[in-house]
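Here we start with a single chain on its own, the form predicted alone, put down as structure tokens.
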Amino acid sequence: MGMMEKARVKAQADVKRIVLPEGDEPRTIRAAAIVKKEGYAEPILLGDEERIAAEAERLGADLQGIAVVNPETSEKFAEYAAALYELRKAKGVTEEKARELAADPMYYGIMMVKLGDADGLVSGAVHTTGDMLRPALQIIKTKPGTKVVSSSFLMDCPNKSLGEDGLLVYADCVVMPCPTAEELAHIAVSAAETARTLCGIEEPKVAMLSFSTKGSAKHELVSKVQEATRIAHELAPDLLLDGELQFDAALVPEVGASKAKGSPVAGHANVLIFPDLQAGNIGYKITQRIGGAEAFAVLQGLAKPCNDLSRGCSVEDIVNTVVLTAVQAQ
């Protein structure tokens, strides 16, 4: 059973409510119908009820039993607008502005998650990452003890000798362009938790990647990874984490044994922390396109789960992201 199959079973065992702000978007409607039918989550579509019903009929999508909520006419609108005002008035948001924001499906969906009327949120078929991440950071904020929202890519590789039976977690590949040493340390700790929660990896082995292994090169970029490794050990003393390691030293037992003798991670890493966004984004795409791996993206570090899609996403991509968000919400 592959990673996504396991995640689907886990989602079905404890069904969560996942709000979809892009409720009238065709792929989103079709995905919601599948999610409901398969019992992966209780989807909530936001938008104009008549428009969504008409689009569903055109698509032949069965929305029976799926909640459809129009933020502007919702019975919760006044409550959400008032709560949003209280949360953001110190930042200059007026009551009028709060009502305007609460009518926006993205902000309304974020407020649903904040106030416990939904367990997680998925968007991005139409909106950018920033469109969702901005209100999520303003309203839901980060987990206690976490300073950074970042991303992990769950890489399911055909080569089962890699990582945890072919499973590798790559971070950060989407959010933080050039993290500081402290931010990189927080990304590492979050990615280890993602590995446990979503991949079922009981013992994450985290490699802090660089173009140097254990001081083989001297450069300020190497020093940053070394400092990040030190901070990560302070944040999570029991976590199996080591660095700085080159990619091959992290993954290949023979190279790890040669370049980093005695390392508890070298040669056996299943969580790979890239030093910046360029390296992470390039790395996951190489693994996906040349290595034939399946790639599944999630955000990490928020107090409650909200996940982003590519605007070129397929219906299957949306279904998979809803499944992973539901598992995060557990």
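These numbers come from a predicted model, not from an experiment. Residue positions are given as counts along the sequence shown, with the first one as 1.
Here the subject shifts to the form predicted together with ligand ACO, a form of this protein not shown in this document.
Undergrad: Is every one of 134, 137 and 149 within 4.5 Å of ligand ACO in the predicted complex, counting heavy atoms?
TA: Yes.
Undergrad: Within a 4.5 Å heavy atom cut-off, is residue 51 in contact with ligand ACO in the predicted complex?
TA: Result no; residue 51 lies far from ligand ACO in the predicted complex.
Undergrad: Since only the chain is shown here, I'm wondering whether residue 284 would be in contact with ligand ACO in the predicted complex (any heavy atom pair within 4.5 Å).
TA: It does: once ligand ACO is placed as it appears in the predicted complex, residue 284 has a heavy atom within 4.5 Å of it.
Undergrad: Does ligand ACO come within 4.5 Å of any heavy atom of residue 160 in the predicted complex?
TA: Residue-level check for residue 160: no, no contact with ligand ACO.
Undergrad: Should residue 108 be counted as a contact of ligand ACO in the predicted complex, where contact means heavy atoms within 4.5 Å?
TA: Flag for residue 108 set to no.
Undergrad: To verify the annotation, which of these, 175, 154, 252, 98, has a non-hydrogen atom within 4.5 Å of ligand ACO in the predicted complex?
TA: Exactly one listed residue reaches within 4.5 Å, namely 175.
Undergrad: Among 142, 223, 180, 74, which has any heavy atom within 4.5 Å of ligand ACO in the predicted complex?
TA: For this set of options, the contacting one is 142.
Undergrad: Please name which of the stretches 98-106, 198-206, 213-221, 83-91 has residues with heavy atoms lying within 4.5 Å of ligand ACO in the predicted complex.
TA: In the other structure, the partner sits against 83-91.
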